[in-house]
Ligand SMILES: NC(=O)c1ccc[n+]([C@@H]2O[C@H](COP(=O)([O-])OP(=O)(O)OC[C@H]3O[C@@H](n4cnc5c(N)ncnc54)[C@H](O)[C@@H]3O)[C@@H](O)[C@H]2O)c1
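Encoded as structure tokens, the following chain is the form predicted alone, with no partner shown.
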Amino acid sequence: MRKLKILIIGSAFGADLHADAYNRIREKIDIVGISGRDLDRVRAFAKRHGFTDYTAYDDYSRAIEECDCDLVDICVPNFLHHDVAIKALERGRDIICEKPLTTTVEEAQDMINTAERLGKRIYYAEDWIFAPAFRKAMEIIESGKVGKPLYVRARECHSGSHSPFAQTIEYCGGGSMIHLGVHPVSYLLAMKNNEWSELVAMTSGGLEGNLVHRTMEGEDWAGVFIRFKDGTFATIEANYITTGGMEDVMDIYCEQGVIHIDLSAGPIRAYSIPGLDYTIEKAEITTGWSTPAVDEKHTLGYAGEIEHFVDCALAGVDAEAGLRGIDGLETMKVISLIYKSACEGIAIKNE
């Protein structure tokens, strides 16, 4: 069986998520290169995940030019996505790109245009699409046993990113909506075939307007109401003001039933006086009662999406809806309009 040769660009948080997924399918892949600004950190990353037969690079341009690979996995801060992607596509590589696709609609469109011109594929890493609980919810809806969805309420929230790249709009593209709300926006667009008709939004505004994070340029709270072309309504919320750990929640209200999904609520409850080693992403404390995550990276969809991308790349086919470059572009368009609606205080129609 031919293995897919992969170059990972990045060696921090996002790369860790993807590396865990690659380690579950070692029979399908070879990690042949890893690039990061700090070679010591690259080597520590590789050792942590058991990668051995790889070349370490401290410059992504050189890595893309020199590494003999089939696919480039982009796990760097948002503002670098476009440059890394264009270099990889022009080198003749398919790419995986973490969310959001870029920081602007214009850069996202350029990525799509470049991939189409060169006949290459962009795999857009939206992990919610492969979260097992969300996939089960879609199976229930497709069974017809709860009727047609009428209203969806979805949110991703936590207490805020400490990354320096999340503090400024230049590096991140915005605040909680582009960083966290990107997940429910992408998921609902995939659910509705990217067909929406109207939206109206509000945000905390950034800096002194924020509820908690007053040195962050982007907003720390954002919400949007969306009506889709099939008549379904949705509310999406994203915030950096939620303590106690990550919240990934969706409620789907249907004609003959309702589905509640909470990726953050595991099947275990534990009580610890000294505190556990780890409970869930972004949890500030682990003492007292907690709900420790069980295989968090699988639950959140990272393992499933990466295996799907590898299978697609080996077969030379596009990913499923919601996980293609075009889906990342449509998400960027909607998020851009969410910010426009909030800034100008207007409803926006998609004729």
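Not measured: the values here are computed from a predicted model. All residue numbers are counted from 1 along the displayed sequence.
Missing here is the form predicted in complex with this ligand; even so, the following discussion is about that form.
- The partner is absent here, but in the predicted complex a heavy atom of 78, alone among 239, 203, 78, 186, sits within 4.5 Å of this ligand.
- The contact residue chosen from 87, 120, 155, 99 relative to this ligand in the predicted complex is 99, the criterion being a non-hydrogen atom within 4.5 angstroms.
- When this ligand is considered in the predicted complex, residue 164 lines it closely, a heavy atom lying within 4.5 Å.
- Under a 4.5 angstroms non-hydrogen atom cutoff, this ligand in the predicted complex has residue 37 among its neighbouring residues.
- Although the partner is absent here, residue 219 is not a contact residue: none of its heavy atoms lies within 4.5 angstroms of this ligand in the predicted complex.
- The shortest heavy atom separation between residue 54 and this ligand in the predicted complex exceeds 4.5 Å.
- Just one listed stretch, out of 69-77, 206-214, 270-278, 222-230, contacts this ligand in the predicted complex at the 4.5 Å heavy atom level, and that stretch is 69-77.
- In the predicted complex, just one residue of 296-325 lies within 4.5 Å of this ligand by at least one heavy atom: 302.
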